[in-house]
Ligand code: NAD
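Just one chain is shown here, as structure tokens, and it is the form predicted alone.
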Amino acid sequence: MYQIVTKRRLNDIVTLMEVAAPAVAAKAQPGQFIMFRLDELGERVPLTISGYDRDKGTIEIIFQHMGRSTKMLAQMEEGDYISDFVGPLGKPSNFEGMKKVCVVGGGVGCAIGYPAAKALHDMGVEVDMIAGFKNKDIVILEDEMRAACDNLYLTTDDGSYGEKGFVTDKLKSLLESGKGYDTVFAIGPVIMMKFVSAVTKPFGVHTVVSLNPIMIDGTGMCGGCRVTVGGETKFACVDGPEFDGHKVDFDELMKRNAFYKEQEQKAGEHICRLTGGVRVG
């Protein structure tokens, strides 16, 4: 059992939790993820590790209340216990040789991009970060991101905060202005990562995307997270979750992600076991 040490609502649909998991914290690195299961009847859900404290033995996760399990997790409080919390899984980020990097986060993807930016910044790498949100009300981790990079560019779709436009607009303008990034990290919705990769390709900038499609066991045995990269079949959980964005078949990935959309919507309309019969969804 893994105890929830701290809980903080970042906005109406995003929550940060710190979970006591000493064995995971001892080996966790940026880019890796955990699989949690709320109880013996729960589904396995992957979440990227957004932070860790080896001394305290804790892992930080940030999640959006989207599916059944994440909505149930959001109902839990400090002191409650999660049944299973397995990790660290996946390959850690490879920062070797990087000197000037741009981390691009979309929505909750900023929570995944933040630890990468912080790790690079702490290594002395020059880091810019572009963080995009739909509007001002759902902006998260602004102070943390600003402290983890040299330049933070905030964008909102409606212009209610920061610069109006998409992260791809800002990234393109920075590249056109002569920003000589050797690597761009893109983390967010699949469609966003697809278009970020399309923006960087003409400039020849190495682009890394973090893929989090449907995963079941997190060990590569089920094959549920297959993705085509460079014409070869890869498994996001063990071969990734980070891949060369210029080689990923995003159209195939988006089709796979939408395959169980109807079932996921129905699963969200259930009576929650953890809240004594309160409907979640």
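Residue indices: 1-based, along the sequence shown. No experiment lies behind these values; they were computed from the predicted model shown.
One more form of this protein exists, namely the form predicted in complex with the named molecule; it is left out here, but the text below deals with it.
Novice: If the cut-off is 4.5 angstroms on heavy atoms, which of these, Asp150, Asp157, Asp80, Asp182, is the one near the named molecule in the predicted complex?
Specialist: Checking each option against the named molecule in the predicted complex, the one that comes within 4.5 Å is Asp157.
Novice: Can you say which of 90 to 98, 173 to 181, 117 to 125, 204 to 212 gets within 4.5 Å of the named molecule in the predicted complex, counting heavy atoms only?
Specialist: Within 4.5 Å of the partner lies stretch 204 to 212.
Novice: Contact with the named molecule in the predicted complex for Gln64, defined as at least one heavy atom pair within 4.5 Å: yes or no?
Specialist: It does: once the named molecule is placed as it appears in the predicted complex, Gln64 has a heavy atom within 4.5 Å of it.
Novice: Using the partner position in the predicted complex, report whether Lys134 sits within 4.5 Å of the named molecule, counting heavy atoms only.
Specialist: Contact check for Lys134: yes, within 4.5 Å of the named molecule in the predicted complex.
Novice: Given that the partner is absent here, does Met72 sit within 4.5 Å of the named molecule in the predicted complex, heavy atoms only?
Specialist: Outside the cut-off, so no.
Novice: Tell me, yes or no, whether Thr48 is in contact with the named molecule in the predicted complex, where a contact means a heavy atom of each within 4.5 Å.
Specialist: Yes, contact at 4.5 Å.
Novice: Decide yes or no: are Thr228, Phe243 and Val248 jointly within 4.5 Å of the named molecule in the predicted complex, with each residue judged by its heavy atoms?
Specialist: Verified in the predicted complex; spot residues all out of contact, no.
Novice: Across 104 to 130, which residues bring a heavy atom to within 4.5 Å of the named molecule in the predicted complex?
Specialist: Sequence-ordered list: Gly106, Gly107, Val108, Gly109, Ile112.
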